[in-house]
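Only one chain is included here, represented as structure tokens and corresponding to the form predicted on its own.
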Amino acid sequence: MNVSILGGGSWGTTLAQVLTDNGNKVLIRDINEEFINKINNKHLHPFFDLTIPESIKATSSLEETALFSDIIVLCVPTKVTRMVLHDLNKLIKTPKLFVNVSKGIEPSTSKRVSEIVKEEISKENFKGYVALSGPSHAEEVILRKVTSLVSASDDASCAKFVQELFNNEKYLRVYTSDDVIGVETGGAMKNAIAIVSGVLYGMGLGENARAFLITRGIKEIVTIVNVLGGKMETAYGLAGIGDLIVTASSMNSRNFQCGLNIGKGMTIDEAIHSITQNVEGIRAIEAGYEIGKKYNVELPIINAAYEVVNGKENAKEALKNLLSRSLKSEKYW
């Protein structure tokens, strides 16, 4: 089976290897000529310099990618997703199944990728939508280390199809879900908590502080998923807590690293630019803050992070205000 991937970065090229391992042919589209050269001529992963299957090909042509397959894997930053889809829609000749593997919220609109797809892809060009997410560092999946993901769709047949497409009995187990909102929101909001976790680590506050932050951060993720119409059990599953575990405590996490640099004293801009890959967590913090205001729900960690990333408080001041809130019982419902 042919599969097109939009975005040949760390995750996109890693998933290309998964799909190739499963007997599929893959074409990656990227705008970075260096990435394309590495994939086509050197057969190397653009980020990890590890050998990848020679059958994986790359191109800069969006039209070629659109014609190659009726399965489109979206692996581009959410800030450019709408633009890419807008251009892609003009080139589509047959209906496509869209599989989103990016974990983010669109800047300015706070919309999830499923919402962007529905707005930018014409009905006649749309076959279905699946969100594929979970605790998955590309650095480990490229080495074929055991990993698990969730394939979520409003259409059970689409979820099942993508489950079987990506599942590999040796190292990648995929579950299905009907909760697109929960899977997309959990995957995005865990990045916000991961940044705060990195800030605490960078400040030298120790494991106790991070355990406190991550645990209470789970409550805020669940709250946001719930008010947006997702299922609480999804937030407590692989796409929520599972993804938060690997993202909020690992140096492989770009969001954790960004927070770490903020905690060490870098400005927000310096911290973002210190990471070679896209950092979705800053936007997730802003989106979480906006959601809290809109639905009138309490999100103290997200709100504190919002003050820091917008320059209204430094990290020490935000932590002080967070700890000085009125005392209460620990409730999760």
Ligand SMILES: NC(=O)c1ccc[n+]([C@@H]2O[C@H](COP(=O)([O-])OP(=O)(O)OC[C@H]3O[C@@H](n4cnc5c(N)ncnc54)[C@H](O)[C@@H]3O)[C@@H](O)[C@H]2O)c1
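Residue indices: 1-based, along the sequence shown. Just so it is clear, the model here is predicted, and its values are computed rather than measured.
Just so you know, the form predicted in complex with the named molecule exists too; it's not on screen, but the next bit is about it.
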Give a yes/no on whether Arg283 approaches the named molecule to within 4.5 Å in the predicted complex, heavy atoms considered. no
So in the predicted complex, is the named molecule close enough to Phe35 to count as touching (4.5 Å, heavy atoms)? yes
Heavy atom to heavy atom, is Pro77 within 4.5 Å of the named molecule in the predicted complex? yes
Look up in the predicted complex whether Leu143 has a non-hydrogen atom within 4.5 angstroms of the named molecule, and give yes or no. no
Proximity to the named molecule in the predicted complex (heavy atom, within 4.5 Å), stretch among 177-185, 119-127, 156-164, 78-86: 78-86
Only one of Gln257, Ser102, Thr234, Thr223 has a non-hydrogen atom within 4.5 angstroms of the named molecule in the predicted complex; which is it? Ser102
Heavy atom within 4.5 Å of the named molecule in the predicted complex - residue from Leu205, Ala138, Leu228, Leu172: Ala138
Contact check, 2-21 vs the named molecule in the predicted complex, heavy atom within 4.5 Å, ordered by sequence, gives Gly7, Gly8, Gly9, Ser10, Trp11, Gly12
